[in-house]
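In the form predicted alone, a lone chain appears below as structure tokens.
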Amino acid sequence: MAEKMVRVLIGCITFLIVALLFSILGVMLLKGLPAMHAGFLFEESRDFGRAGGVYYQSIGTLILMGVAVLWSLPVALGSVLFQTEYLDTGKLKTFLTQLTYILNATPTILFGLVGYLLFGVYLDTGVSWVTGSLILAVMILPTLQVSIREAVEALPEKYREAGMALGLSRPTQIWRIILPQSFYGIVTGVFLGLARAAGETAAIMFTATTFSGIQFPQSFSDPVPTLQTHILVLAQEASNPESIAQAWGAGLVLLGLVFLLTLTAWAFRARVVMESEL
């Protein structure tokens, strides 16, 4: 009887989560599709966002996401290889892993404040796409680390033993064996990191973005428009139905981008599981 009750409880929780997800999707489609038109993705916004599309906002979001991953990936990959291939102390590995989880749990608003003081003020980068991408790189670092570490640790020990039997040095084993065999796990972490970066708003508001007056950045010190800020500002104009409609449309575009990145990461993750079983 107790087992049946637990099973029913877990089933209800699962159903609630799935229902919540489909509810969000339904509301976004119901509210966002009327705002979509043929040029919504390829037109610039007009009349302070009340008309036009989200072309420059989408490009600005992609710029921040892509540059953040370029900053974060070498650091995450290097730290994971150090922990898995060079570090032998179990307690120190556990301590570093816990620090990664603590960094992941840090409120995003604090990343924005501290990042602005460090990069924007002391390093004099100001409110710019460079500052925003650096802060997003720090924020997605735990996501990349966890995904890459799982891929590296999931490798069968026979690969390392084969490298040792061939007399390969540790760096050669990493370059010839570890990295190629962990490729799909690394790509999975990249897409999950991109999805995480696409959902951040608080940090980039302080450091990287502006609502209007900016198209493409012309220098390292220029801000960029983003979908997140575009949605936030338009949603505050509750009395204007045109602004609210544009906010729903931009929200649907952002949600579609996050879902696309997540599904791609899921596909690569399936390849990791398949190869580990083989």
Partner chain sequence: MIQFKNFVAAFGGRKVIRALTFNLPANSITAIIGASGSGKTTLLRALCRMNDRVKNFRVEGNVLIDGMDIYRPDTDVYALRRNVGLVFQKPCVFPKSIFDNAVFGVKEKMHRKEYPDLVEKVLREVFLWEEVKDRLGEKATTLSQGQQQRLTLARTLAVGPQVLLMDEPTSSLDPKSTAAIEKLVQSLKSRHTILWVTHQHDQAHSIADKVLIIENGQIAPFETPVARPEQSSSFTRVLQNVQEYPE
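Values in this document were obtained by computation on a predicted structure and should not be read as measured data. Residue numbers count along the first chain shown, from 1.
This next part talks about the form predicted together with its partner chain, which is not shown.
Proximity of Leu110 to its partner chain in the predicted bound form: non-hydrogen atoms within 4.5 Å are absent; the residue sits far from the partner.
The shortest heavy atom separation between Glu85 and its partner chain in the predicted bound form is within 4.5 Å. Under a 4.5 angstroms non-hydrogen atom cutoff, its partner chain in the predicted bound form has Glu161 among its neighbouring residues. Among residues of the shown chain, Gln98 is not one whose heavy atoms approach its partner chain to within 4.5 Å in the predicted bound form. Partner proximity in the predicted bound form, defined as non-hydrogen atoms within 4.5 angstroms of its partner chain, places exactly one of 142-150, 164-172, 101-109, 120-128 at the interface: 164-172. Proximity to its partner chain in the predicted bound form, defined as a heavy atom within 4.5 Å, singles out one entry of Ile186, Val138, Ile177, Val114, which is Ile177.
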